Ligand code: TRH
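Quick setup: one chain, the form predicted alone, written in C-alpha cells, and binding and motion questions come after.
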C-alpha cells in the first residue's frame, strides 16, 4: 500500500483551497492511517483553518498530519517525494521536487476543482505525460456521479450531523446563515428578509461581506458580536468559525447561503436547503456550472430554487421572490433531505483516491 502521501496546496480564493486540502489530509490520516504531509505556501492564512498551527514553524504535526511551509524550488532539492503526490487544483509542483520524483516514480495526481458539468465524467482519471521527465500525471476530478472522483465526506459525518440536529432546539423564526462574496446583491437580500412575512434570524461569520451589511443597517462598520435589527430581520455577526463550528452552523440553520467549493459541499451534507454562489468566471461560465449542478440536484429550470439562484448570481432578491421561496420551503426541505441521501450513497473522495492508488500498484 502507498502509505506516504504529499499534498501540495497554494492558498487562493481566501480559504477555499486550504479548506478542502486540510479536510482531505485529516481524513486520509484518520480513516486510512496514511502518513500525510501537507505543503502550504501561506501558513498565516492556513492557520485560520488549521487550528493550533504555528505560522512561525516551517514543519509541525497537527492532528497527526505534518504541515510544512512550501517555500521556493530550491528548498525541495533534498526532499524525498512521497508514494502518492497530490497537486491540488493545478498548483504546479516545485521543479526540484518533480526532478526528485524521477527516481521512484510516485503516483502523481492533479486534484481538480469540483464541477457537476457532464464533461467531468469523461476527463476523470485521464493521464498525461510530463514533457520533461516523462512522468505520468493523472487528473482526478471530484464530482456527483459514480464515474467521477466523488465528493469529500468523512465516514462519521452523517452520525455527527444527526446527533447535532437532535440536540438543537428549533426556534419559531427562520434561521439563516449567510456566507457570500461581497459582490452578491446583499442589500436586496437583507431588505427582502426584513420585509418577510415571518421573523428571520441571520447569522454571518465575519468576513469580506461585512462592509455591505454595515451599509444596509446605516452603520460605518460592524463587528463580531453585534446584533442588528430591522423590521422582521435580526442579524448577528459571528466570529471566524473553525471547520467543525461552521458545519454545526449549517446543520442547525434552516437555509444556508454558501459560496465557492468547500462551504458548498458542506451545505449539501447539511441536508438543508441552500443557495450557492459560484465563483465568478469569464464569459459567465459560472452560470453554466450552476445550471449543471442544479440539474444534478434535480431542480427544473422553472423551479423557484433555480429562479432564486440566478437572481442571487446576476440580479436582485425582491421581497416577492423571497416570499415565493418561503412558500415553497416545506417542499424544498424534503427535496434537500432526499438529495443529500442520494449523494451519501456514493463513495467519497478520499475512498476513491485510496482505491485508485491501490489499483495502480
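None of these values were measured; they are calculated from a predicted model. Positions refer to the first chain, counted from 1.
From this point on, the text means the form predicted together with this ligand, which you will not see here.
Looking at residue 181, you'd find a heavy atom of it within 4.5 angstroms of this ligand in the predicted bound form.
For residue 261, a non-hydrogen atom is located within 4.5 Å of this ligand in the predicted bound form, even though that partner is not displayed. A residue is said to contact a partner when one of its heavy atoms sits within 4.5 Å of a partner heavy atom; residue 80 fails this definition for this ligand in the predicted bound form, lying far away. Residue 343 falls outside the set of residues with a heavy atom inside 4.5 Å of this ligand in the predicted bound form. Stretch 243-251 is the contacting one of 97-105, 189-197, 138-146, 243-251, since its residues have non-hydrogen atoms within 4.5 Å of this ligand in the predicted bound form. 279 is the sole member of 168, 123, 217, 279 with a non-hydrogen atom lying within 4.5 angstroms of this ligand in the predicted bound form. Scanning 274, 76, 113, 269 against this ligand in the predicted bound form with a 4.5 Å heavy atom cut-off leaves one residue, 113. Contact with this ligand in the predicted bound form, defined as a heavy atom within 4.5 Å, is made by all three of 12, 16 and 23. For the partner-free chain shown, just 49 of 42-60 comes within 4.5 angstroms of this ligand in the predicted bound form, judged by any non-hydrogen atom.
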